[in-house]
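Single chain ahead, written as structure tokens, the form predicted on its own.
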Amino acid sequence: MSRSLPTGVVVSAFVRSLAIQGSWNYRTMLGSGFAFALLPGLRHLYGGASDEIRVPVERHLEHFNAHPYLAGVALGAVLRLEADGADPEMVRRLKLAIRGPLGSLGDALIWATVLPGVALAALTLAWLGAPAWVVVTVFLVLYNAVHVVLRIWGFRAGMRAGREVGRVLAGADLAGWTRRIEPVVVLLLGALVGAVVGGAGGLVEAGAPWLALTAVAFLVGLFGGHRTWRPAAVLTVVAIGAVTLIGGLT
């Protein structure tokens, strides 16, 4: 039997989902945070007494791991299914089925694409001489705008779709968005290199070590950057650290 959920309960569940990593642990990963975010809905559906709500809460305390920004997709779908009176085992199978895709899609979209892109934009502003407060503001505004919008979309999509959340997730084409954003990240990387090389006190004035580092970074990106993001991310961090160190010594 389907039961409606008050707006306050839905909003409370979403707000709690923003802290879904707050109780992260090696045993349940995001499981504890998932149950915490779901608690307002469970209280409304099963009653607030401890003996009434204990069983449904325990069902959602099990291991659950996904990207934190996309975990709301599963949370919204589970909340919808609980309100619809779905079989608990079916709800559990749905969580198990979508947690992997939510993790891999989120990693590729956020950690490997959006975060490096926003960081590159902020670094470019810094090398062009923008004040520190402008650099920090641009990074925080852009990055938080992306992940908040993604969280809202995911939670609403899960709530609307329920057991059909897999179809909705496939239709959203998050992998396609990753591919569309990647050229923008490459463009930002080129802008940063241009700002470093051509800016006042940049690589041209620093001499051969900086120019060699730029050449190595270009070749690595040209021949290997498209194959996997993890080595590229490590090399980016190492390159930035080396540039900073060399800049301090020259």
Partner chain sequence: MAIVLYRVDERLIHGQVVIGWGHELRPEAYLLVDDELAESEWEQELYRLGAGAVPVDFASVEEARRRLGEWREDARRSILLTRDIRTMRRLGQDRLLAGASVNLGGIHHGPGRTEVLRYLHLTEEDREDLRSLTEEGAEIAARDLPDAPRVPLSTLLKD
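Residue numbers count along the first chain shown, from 1. A quick note: this is a predicted structure, and the numbers were derived from the prediction, not measured.
This next part talks about the form predicted in complex with its partner chain, which is not shown.
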**OP:** Report yes if any heavy atom of Leu169 sits within 4.5 Å of a heavy atom of its partner chain in the predicted bound form; otherwise report no.
**Re:** yes
Note to self: Considering non-hydrogen atoms and a 4.5 Å limit, does its partner chain approach Arg163 in the predicted bound form?
What the structure shows: yes
Problem set entry | Distance check, Pro101 to its partner chain in the predicted bound form, heavy atom within 4.5 Å | yes
Flag Leu94 as yes or no: does it have a non-hydrogen atom within 4.5 angstroms of any non-hydrogen atom of its partner chain in the predicted bound form? yes
